[in-house]
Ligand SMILES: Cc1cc2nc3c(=O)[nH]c(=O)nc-3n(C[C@H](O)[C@H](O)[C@H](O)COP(=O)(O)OP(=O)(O)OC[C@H]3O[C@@H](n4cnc5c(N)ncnc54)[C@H](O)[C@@H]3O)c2cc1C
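As structure tokens, one chain now follows by itself in the form predicted alone.
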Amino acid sequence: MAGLAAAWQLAEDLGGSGSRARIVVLEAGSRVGGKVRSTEFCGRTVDVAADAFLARRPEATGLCAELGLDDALVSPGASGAALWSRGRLRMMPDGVNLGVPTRWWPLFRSGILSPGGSARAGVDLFRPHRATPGAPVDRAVGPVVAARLGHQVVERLVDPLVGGIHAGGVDELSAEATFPPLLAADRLSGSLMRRLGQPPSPAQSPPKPAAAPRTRPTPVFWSLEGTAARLPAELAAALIARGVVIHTGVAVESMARTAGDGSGHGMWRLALGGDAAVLAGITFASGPVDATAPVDTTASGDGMGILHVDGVVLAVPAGQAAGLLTGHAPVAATLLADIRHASVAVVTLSMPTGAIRSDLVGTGFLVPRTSTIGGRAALITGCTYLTQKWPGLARPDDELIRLSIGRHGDVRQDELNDDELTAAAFGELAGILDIVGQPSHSMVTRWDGAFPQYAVGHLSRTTRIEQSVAELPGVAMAGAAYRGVGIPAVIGSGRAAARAVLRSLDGTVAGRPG
């Protein structure tokens, strides 16, 4: 998504009259869209990763508006979620801000915390807290909340939400990067619960989404009719219509800076790997003279194609970016290589109608990492009732269920094959929802190294990476490893990187291929 968004921004900025600039997207995989992916399952198209995006952030809804997809936006057909706590499913209390309760009575009534845990959280409302304007710039989310509201709030509410979003643990996740209002509220005097329950000031409020339909109230999440993966598909089609070249099955193996031409203008030489037939068919400019010359697929002597370009947006995982930047931006390469990642898996199930004897309320449930199910540490981290959340998937003879598995430090899913993983995950689900029988169909999707971990100090490290890369002419970074893992954040990352590349080149590509 970051690479497609960068290409879209470049097409916007370089599409003026007289521009000869060319734009190419190189995708190592067989399809575009990265982790925004769908597949066919039981006669329906289902998302196997992100299935929605935040409505309050403008990047995704704004892009939908630019693509003419306003009328295709759909909101979930159910609302609310539950938590597995104290041996049963309990609905999330009203007034929760990323797991931090902002109202005590709904928290107490939910039963998620023990009476003692609820009483400990309530102390925040009555015990004065002094302002700490000199507190560290960044701290882990968990200790901040635990000091004010107690460990049960962290373990049973905050960690399932914030930790679940990032596939990590809140004892390590950066509050500055994942929950900045928490740090701001903690530095002020008074109750943390009350502070986080206040609406943001106008200066803190994000712009209103450009694509939100005016005839309906804006929900928390939007998706697109059919599947969230329609967004990269529509974007790719729009890019091709604007002359952008997209090649799948082509990876950048290395990059090198070439000497300047007669005008003193250097370029980047990209060594491409992939299927030889695919490489032979690439007709993007191989140099500054002929914009239609084919890539030289034999120049490297090892089956690699060679591509010369003015600017590069590296919309690749952090580890791959580190390898490409070694020798060019050593500070950035070192910092990128240090970013840890979590692997996760998704198990999608079709259950016969009537097999689930518990009522399916809301969109699903979360499972705290400290939970036990059937006497063992829980494997699943969450469950989505797909046919409840997205009524367009509903059929009279089954219910579609999606189970999420895996967090940083938990490698159990890697030790199980697909059948074993499905059996283990379904066993836990059956115990929670009182299911009889077995799934009619199942599907496992694995996402290895999918979630970059935003450790304390992450934004400071990201700034240093960006500063190091900014010293390279015409290069910028984009993706989930930097300033947000959701679809809107990644779109914004790609567009910002495209603008950074153009600023670096200072308009030199507007009248030449590159």
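Quick caveat, the model's predicted, so the values are computed rather than measured. When you see a residue number, it is the position in the sequence shown, counting from 1.
Separately, the form predicted in complex with the named molecule exists; it is not shown, and the next lines address it.
is_contact(Arg402, the named molecule) in the predicted bound form, heavy atom dist at most 4.5 Å
Residue-level check for Arg402: yes, a contact with the named molecule.
Check whether Ala450 has any heavy atom within 4.5 Å of a heavy atom of the named molecule in the predicted bound form, and answer yes or no.
Looking in the predicted bound form, residue contacts with the named molecule include Ala450, since a heavy atom lies within 4.5 Å.
With heavy atoms only and a cut-off of 4.5 Å, decide whether Asn97 touches the named molecule in the predicted bound form.
No, Asn97 stays farther than 4.5 Å from the named molecule in the predicted bound form.
Do Lys35 and the named molecule share at least one heavy atom pair within 4.5 Å in the predicted bound form?
Judged by the heavy-atom cut-off of 4.5 Å, Lys35 is in contact with the named molecule in the predicted bound form.
Out of Pro352, Pro180, Pro317, Gly226, which one falls within 4.5 Å of the named molecule in the predicted bound form, going by heavy atoms?
Selected residue: Pro317.
Here the chain is shown alone; which of Pro473, Gly486, Gly457, Gly62 has a heavy atom within 4.5 Å of the named molecule in the predicted bound form?
By the 4.5 Å heavy-atom cutoff, the listed residue in contact is Gly486.
I need the one stretch from 144-152, 103-111, 235-243, 317-325 whose residues put non-hydrogen atoms within 4.5 angstroms of the named molecule in the predicted bound form.
Among the listed stretches, the partner-contacting one is 317-325.
Can you confirm whether Met92, Ile356 and Leu433, the three residues that make up this candidate site, all sit within 4.5 Å of the named molecule in the predicted bound form, judged by heavy atoms?
Result no, not one residue of the spot touches the named molecule.
Between 466-480 and the named molecule in the predicted bound form, list the residues on our side with a heavy atom within 4.5 Å.
Going through 466-480 in order - heavy atoms within 4.5 Å of the named molecule in the predicted bound form - the hits are Gly479, Ala480.
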